[in-house]
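Starting off, we have a lone chain in the form predicted on its own, written out as structure tokens.
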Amino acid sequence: MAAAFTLESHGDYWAGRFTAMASPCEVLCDLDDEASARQLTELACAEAQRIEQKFSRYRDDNILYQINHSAGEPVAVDDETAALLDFAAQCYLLSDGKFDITSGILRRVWRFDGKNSFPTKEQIQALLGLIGWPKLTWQRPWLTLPADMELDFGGIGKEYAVDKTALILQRHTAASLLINFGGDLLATGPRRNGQGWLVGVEDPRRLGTQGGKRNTAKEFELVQGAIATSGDTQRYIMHKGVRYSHILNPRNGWPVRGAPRSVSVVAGTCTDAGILATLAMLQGKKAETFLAKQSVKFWCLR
């Protein structure tokens, strides 16, 4: 089935837009040719949807479903899945266990929809035994996941899709591109006018728009590289007047205390930017200290 998208001219560039991974996505193409922009947008849409279909936890026909329903039996995975598992293992080690793709199972009791729904200590405790990267066995290409445990690639999937899409599009054009999947962005190089793409870091304390302008904490030109953001703008719980972020500590099953409202990081790839932003959120009050050691540009908004 053909990918569904829209294409719009903005004078000196084209903007292709579509939906994937439950997010608005767009590809800005610094070129005049409509046919080329259409082809690039179609390729981007197809790749984003391919990755979503392969790694979505909402499907029953992909490798993730096979892994999560393996009941403790070994599963042989393909090279792409293996690379993501290797990356997840590295993130677990770098974060001292704070980033763990087995912790997605906590969504059974946490509903980050802005409402006043709050799990009990007993509900959370009942799931902790099903969390822990060291409990699985991973030796390429074989993965053995204990029965009732689950993997969830949601913490790295969107940024990975941005990087993969950029690689594909760059095989078809030398034009400058800005790929934006739900606010995680990558620019492939300077535009024809020698400038970058104007991007903004959203201020979570001032949502929406005012006077027709988006409420941004910072605007700058992104020439080459990526920026990714982690925060609780859309996903949180209000309970007894306290706001709880959707960033959970896999060790105790509770939201990380003292985390910023939003962390944005600029890095060479979207995957690197995204994981650094997430790891910073997991540091809670020490987010800024953690990022200052990474030699990257960042913004922490509290």
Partner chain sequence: MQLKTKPKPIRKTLAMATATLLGHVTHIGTANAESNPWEIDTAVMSYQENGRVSVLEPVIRMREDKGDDKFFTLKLVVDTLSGASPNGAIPTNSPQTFSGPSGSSSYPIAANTVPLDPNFHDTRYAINAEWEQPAGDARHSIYGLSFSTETDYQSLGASATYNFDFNNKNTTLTTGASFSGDSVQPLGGKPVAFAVVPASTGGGGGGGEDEGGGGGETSFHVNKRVVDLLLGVTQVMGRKDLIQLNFNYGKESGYLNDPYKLLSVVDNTGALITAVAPDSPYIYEKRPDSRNRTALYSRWSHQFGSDVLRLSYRYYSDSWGIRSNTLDMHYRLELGERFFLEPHLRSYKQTAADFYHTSLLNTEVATLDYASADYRLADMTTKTVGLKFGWLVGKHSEAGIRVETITQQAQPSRVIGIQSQQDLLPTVKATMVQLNYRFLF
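Because the structure is a prediction, the values reported are computed rather than measured. Residue numbers count along the first chain shown, from 1.
Another form exists, predicted in complex with its partner chain; not displayed. Remarks below refer to it.
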With the partner left out of view, is residue 19 within 4.5 angstroms of its partner chain in the predicted complex by any non-hydrogen atom? no
Is there any non-hydrogen atom of residue 296 lying within 4.5 Å of its partner chain in the predicted complex? yes
Looking at the partner-bound form in the predicted complex, is residue 150 within 4.5 Å of its partner chain by any heavy atom? no
Please tell me whether any heavy atom belonging to residue 272 falls inside 4.5 Å of a heavy atom of its partner chain, as the geometry stands in the predicted complex. yes
Contact assignment for its partner chain in the predicted complex, among 201, 84, 145, 127, heavy atom within 4.5 Å: 84
With the partner omitted here, the residue among 27, 276, 48, 247 that in the predicted complex has a heavy atom within 4.5 Å of its partner chain is 276
For the chain seen here without its partner, which of 69-77, 193-201, 102-110, 160-168 has a heavy atom within 4.5 Å of its partner chain in the predicted complex? 160-168
